[in-house]
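The form predicted alone is given below as one chain in structure tokens.
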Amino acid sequence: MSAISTRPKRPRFDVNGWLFVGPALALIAIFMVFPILHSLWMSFQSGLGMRLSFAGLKNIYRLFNDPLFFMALTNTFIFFLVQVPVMLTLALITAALLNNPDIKFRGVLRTAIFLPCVTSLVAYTVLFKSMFVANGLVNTVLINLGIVNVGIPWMTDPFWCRVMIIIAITWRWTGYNMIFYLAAMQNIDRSVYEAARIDGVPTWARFVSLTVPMLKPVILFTTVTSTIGTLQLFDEVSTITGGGSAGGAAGPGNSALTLSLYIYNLTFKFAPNLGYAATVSYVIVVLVAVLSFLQFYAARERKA
């Protein structure tokens, strides 16, 4: 008889293993799986508060005839299409600059750029509101430099209100994404750059042809997480424009209203319709799934 055949067979059901993972699985089922399935069921219901009744596809029909929903969807896509590429490009360039060993005070600069993402949301909101009011620091600097003749109406013009929100989000999250790029750059073998430098490859070409391709997995990760974060944008819009407060619109004419803020308003601000709010929530789920699939597909490894 061989040594393999005499080895004791491992039981298919190991009770000790299930005892270890059982509590975690129970918590996941209670706090993640059940809410997801319950919200899916609620998306087919309608009514005020908790007095819900099955409505079939009524919420989806309302979705296609809701101008406020389309406004929130349009604003969310504007923030996504403009802010995410700008922020990730700035983060990549900043990481490349601060990865240069010849730059002095690199540690201080890295900390200063990363600090906004750990700053209190209240302090951050007060700072931005004070900077972007009609006679604030931003307008004062622009007028003194001769860039504009009169102050820009950041808070009262729909276009400039969106620009202000994009600036605020970019300022807060660029440092967060920069840390991922910086960590990845420090793991690249320096001999690769030395070989390219000896071959006469200029600095910008080394960055485009060597650094960016080797950071592809990290760039994909930050793109997907930033996409999800932008589609769920709530905090900045709610606090800076006051869109989540009672009676307050998200910017002039709801020009900064996002899908997440609209869901909040449907649940807590307007006459509470939890069923319709759940339907709008699943729009974000579908958008995240579709955009993430497209980003993974675009970044896939292609066979030569």
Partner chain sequence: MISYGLKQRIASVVVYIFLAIMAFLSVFPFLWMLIGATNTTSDIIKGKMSFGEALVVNATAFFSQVNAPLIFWNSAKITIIATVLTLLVSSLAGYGFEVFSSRFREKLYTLMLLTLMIPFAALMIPLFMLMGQFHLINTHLAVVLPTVASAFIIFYFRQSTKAFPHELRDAARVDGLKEWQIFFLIYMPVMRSTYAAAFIIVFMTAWNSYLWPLIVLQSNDTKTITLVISSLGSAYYPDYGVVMIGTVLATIPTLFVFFAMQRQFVEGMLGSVK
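Residue numbers count along the first chain shown, from 1. Since we're looking at a predicted model, the values are computed, not measured. For clarity, a rigid core is taken as the largest C-alpha set superposing within 1.5 Å between two forms.
A second form of this protein, the form predicted in complex with the partner chain, is not displayed here; the remarks below concern that form.
**Q** Does at least one non-hydrogen atom of Arg162 fall within 4.5 angstroms of the partner chain in the model of the complex?
**A** Output for Arg162 is no: heavy atoms all beyond 4.5 Å of the partner chain.
**Q** In the model of the complex, does Phe80 have a heavy atom within 4.5 Å of the partner chain?
**A** No.
**Q** Does any heavy atom of Gly136 come within 4.5 Å of a heavy atom of the partner chain in the model of the complex?
**A** Yes - in the model of the complex, heavy atoms of Gly136 and the partner chain come within 4.5 Å of each other.
**Q** Any of the heavy atoms of Thr230 lying within 4.5 Å of the partner chain in the model of the complex?
**A** Outside the cut-off, so no.
**Q** Heavy atoms, 4.5 Å, the partner chain in the model of the complex: which of 53-61, 233-241, 250-258, 66-74 makes the cut? Say which one.
**A** Of the options given, it is 233-241.
**Q** Please identify the residue among Ile166, Ile152, Val218, Val84 with any heavy atom within 4.5 Å of the partner chain in the model of the complex.
**A** Exactly one listed residue reaches within 4.5 Å, namely Val218.
**Q** Since the partner is left out here, which residues of 82-106 would have a heavy atom within 4.5 Å of the partner chain in the model of the complex?
**A** Contacts from 82-106: Leu90, Ile93, Thr94, Leu97, Leu98, Asp102, Ile103, Lys104.
**Q** For Ala289, is the CA shift between the shown form and the other one at least 2 Å following rigid-core superposition?
**A** No, the C-alpha position differs by under 2 Å between the shown form and the other one.
**Q** When you overlay the rigid core, is the Cα of Ile28 off by 2 Å or more between the shown form and the other one?
**A** Yes, Ile28 moves 2 Å or more.
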